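Coming up is one lone chain in structure tokens, specifically the form predicted alone.
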């Protein structure tokens, strides 16, 4: 190499950011299971939310008295606070598997269990009452949400809802936008290493772009501005036929571990240059019930040697340069899709923030750990960025709260199906997608702003 060539080379330095994990609330290491059921987590949720709603309804309708379900009087307007239960005719029941009378024709589409005759019930410690009227739509709400309702008891014993009050967005700390320069966070989900839809070339292009081994000097300069990477669940896919509870043959053991080994190689390349978080998903080798605990670091002998590698919980909460992030691998939104309706995934995400609960359908239709004295899915502090992985398509918008809160909502698509990664700018919380394509005859990458 000549002296002229050495002088013209530029040493590109990667930017850095301050990272803080806030996953302690989702840790179950100190929990002790004593055969408890799920009534206690519902009680903890109701107690916390009712205390909050009681303090808010005085400003909502101060002239209307608050009472319990047992204290309802016919024709007298009041406000009741309780947990919603949604009676659904088509909701799957394990007992139906043992029913003697089975229908030959499926009664419901597999992706949604809504029915026009569904209705809502509100319950507290004193009792439960069926809700009527057109104000409260059964298609919007699900079992597990806590709301305040203004209405009156009818002669039929139902509660006619006249108005609904939700907790709304939680208080939000002011974002400490320390960065006056562009710094980027890359979100990827549904990599599904080992699946039939996963493209190794496409995935390697993503890794090469993040690590700065792709493109010319200008593109390498852009890659140097990436300060953090988040893998939001379903990073591997293990053939389900092999996991049947039987002892595996040696060749099957290698098939099971092969996908994890490939993932470790990819993570090692990323962790060598930038900090990376990996969250468990529904298909990953982790516990099924939420909150999913971090993937065992023994699975990643290469990447775990770097202090930039973080195995995290699902849900996952962290701060980056004073910006608070909160996200899941998608199970909470996927379950809402089955038991309610909305325009898109972002509207489901909005509802969870307004209800101040990440997973309102847990534990009714979404598995979760039976906590006894707390509900870790309560949203006590509103994030600045709320992301959900493993969705069908990319989507984003800003949600504004009544007290000035602003949240960037991000729906992250499955990478194995779309080849899309999402990039967020820490300076202004604007985001765009990176699209990676790989073909036998040519390889290409491009970015859609």
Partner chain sequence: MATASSNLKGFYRQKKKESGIRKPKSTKSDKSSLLHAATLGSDFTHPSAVVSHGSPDLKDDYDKHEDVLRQFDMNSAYGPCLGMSRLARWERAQRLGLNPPKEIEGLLKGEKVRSECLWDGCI
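Numbering follows the first chain given and starts at 1. Because the structure is a prediction, the values reported are computed rather than measured.
Only in words, not in the display: the form predicted in complex with its partner chain, which the text now covers.
Just one of 369-377, 112-120, 306-314, 142-150 has heavy atoms within 4.5 Å of its partner chain in the model of the complex; which? Going through the listed ranges, the match is 369-377.
Discussion item. Please tell me which of 68, 405, 48, 396 lies within 4.5 Å of its partner chain in the model of the complex, judged by heavy atoms.
Written reply: Of 68, 405, 48, 396, the residue with a heavy atom within 4.5 Å of its partner chain in the model of the complex is 48.
Check: Within a 4.5 Å heavy atom cut-off, is residue 35 in contact with its partner chain in the model of the complex?
Finding: Judged by the heavy-atom cut-off of 4.5 Å, residue 35 is in contact with its partner chain in the model of the complex.
Give a yes/no on whether residue 39 approaches its partner chain to within 4.5 Å in the model of the complex, heavy atoms considered. Contact check for residue 39: yes, within 4.5 Å of its partner chain in the model of the complex.
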